[in-house]
Ligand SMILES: NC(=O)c1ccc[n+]([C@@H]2O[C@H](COP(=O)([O-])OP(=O)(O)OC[C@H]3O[C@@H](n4cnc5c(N)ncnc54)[C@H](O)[C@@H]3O)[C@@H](O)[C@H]2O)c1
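Next up is one chain by itself, shown in structure tokens, the form predicted alone.
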Amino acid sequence: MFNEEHNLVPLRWAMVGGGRGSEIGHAHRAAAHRDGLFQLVAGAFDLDADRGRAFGSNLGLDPDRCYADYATMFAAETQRPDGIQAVSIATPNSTHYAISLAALRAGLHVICEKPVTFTVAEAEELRVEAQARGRVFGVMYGYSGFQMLHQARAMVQSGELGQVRVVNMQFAHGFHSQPVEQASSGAKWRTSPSVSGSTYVLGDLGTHIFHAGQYITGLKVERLMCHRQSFVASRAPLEDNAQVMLQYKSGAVGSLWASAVNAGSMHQQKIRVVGEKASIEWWDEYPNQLRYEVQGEPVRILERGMGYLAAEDAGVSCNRIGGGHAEGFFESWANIYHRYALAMHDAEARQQGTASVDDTQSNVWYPDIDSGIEGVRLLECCVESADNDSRWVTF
């Protein structure tokens, strides 16, 4: 079961963005508060200062620590003896780089929404800054907290599938099959190049399942080709549908379908890994199960929370309730925030010279800046390929 005996002082935490009406903002707060490892003490929640202050006050914060903008917050909090130690960035894509860089330079640990930047060069600059300052930089691939993705990785690593041959990935919902951005501010910025960047569904959806594929298989992409479309014409040049073919350095091949126009679909975020002996398949609408298919044998459905699964990694158990009870999106996010907290406490201990050499926190896995860089690299390569008649490009 999940380990709640952490005996750690909650990290003083703030948010940029994620104000009233933000689903993602609520997800961050629910995840951070779940295990008592973070305490929200400040925020710059909204471009409208008064609205942001009112929202922060509703959350129980001191109105004086509900700031008009992130720069003011970072400057003020660094002067306080009880100032913030970490910040989550839940703002549109175009702002991620500047806010993240300012946060690192203010000495803060960072949790940023994805894609982390517009370019690989920017993301690599953030990695250098975080490493130089000994700060944790997490990228919010929230689905990677689902336990059965970790089970899938363990099965690949143990050789139960044999050599991986094919990786099929998709995240293809249908909720934007019509021009919903005319009435939705969230959809509007996601389909605006100046705010979203050079992609829409590839960055918004494709990076999630691509990260899952990288995590489960450990395979390195050698090259890819991409074909993307704007079926709702007003979204051009940004795509609302994209198909990517991947070739891995190992000789394996892969495909990735990202779409917001898969009419009638709820999510369809799936990954299937095909090996020489067996295959596994995971679907986020049924996240507690992993389909395991051995050639010549009946299909097996592996269930979360059962004793026959692989041991948890780094001493961190992710099960919050026994098998058979459904765990979902919020549990996955909370699992990731728990890992962020352990890594941040370890970084603080190292900086203070009090870290133990056998401290399991130093080995805890979480989606980090390197994962964020790979996601941005995917987007750069897909755009290069699609804009050049879908030719193959080196990853």
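When you see a residue number, it is the position in the sequence shown, counting from 1. Quantities reported herein were computed from a predicted structural model and do not represent experimental measurements.
Unshown form predicted together with the ligand; subsequent notes refer to it.
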Exercise. Only one of 90, 252, 274, 172 comes within 4.5 Å of the ligand in the model of the complex by heavy atoms, so just point that one out.
Key: 90
Practice problem: Quick one: from 35, 46, 331, 348, grab the residue that has a heavy atom within 4.5 Å of the ligand in the model of the complex. | Solution: 46
Quiz prompt | Exercise: residue 95 in contact with the ligand in the model of the complex, heavy atom 4.5 Å | solution = yes
Quiz item: Does residue 385 reach the ligand in the model of the complex if we count a contact as any heavy atom within 4.5 Å?
Solution: no
Quiz item: Wondering, does residue 138 line up within 4.5 Å of the ligand in the model of the complex on heavy atoms?
Solution: no
Quiz prompt | the ligand contact at residue 14 in the model of the complex, heavy atom, 4.5 Å | solution = no
Quiz item: Pick from 150 to 158, 227 to 235, 297 to 305, 201 to 209: which stretch has a heavy atom within 4.5 Å of the ligand in the model of the complex?
Solution: 201 to 209
Exercise. Flag this candidate site as yes only if 51, 114 and 190 all have a heavy atom within 4.5 Å of the ligand in the model of the complex; otherwise mark no.
Key: yes
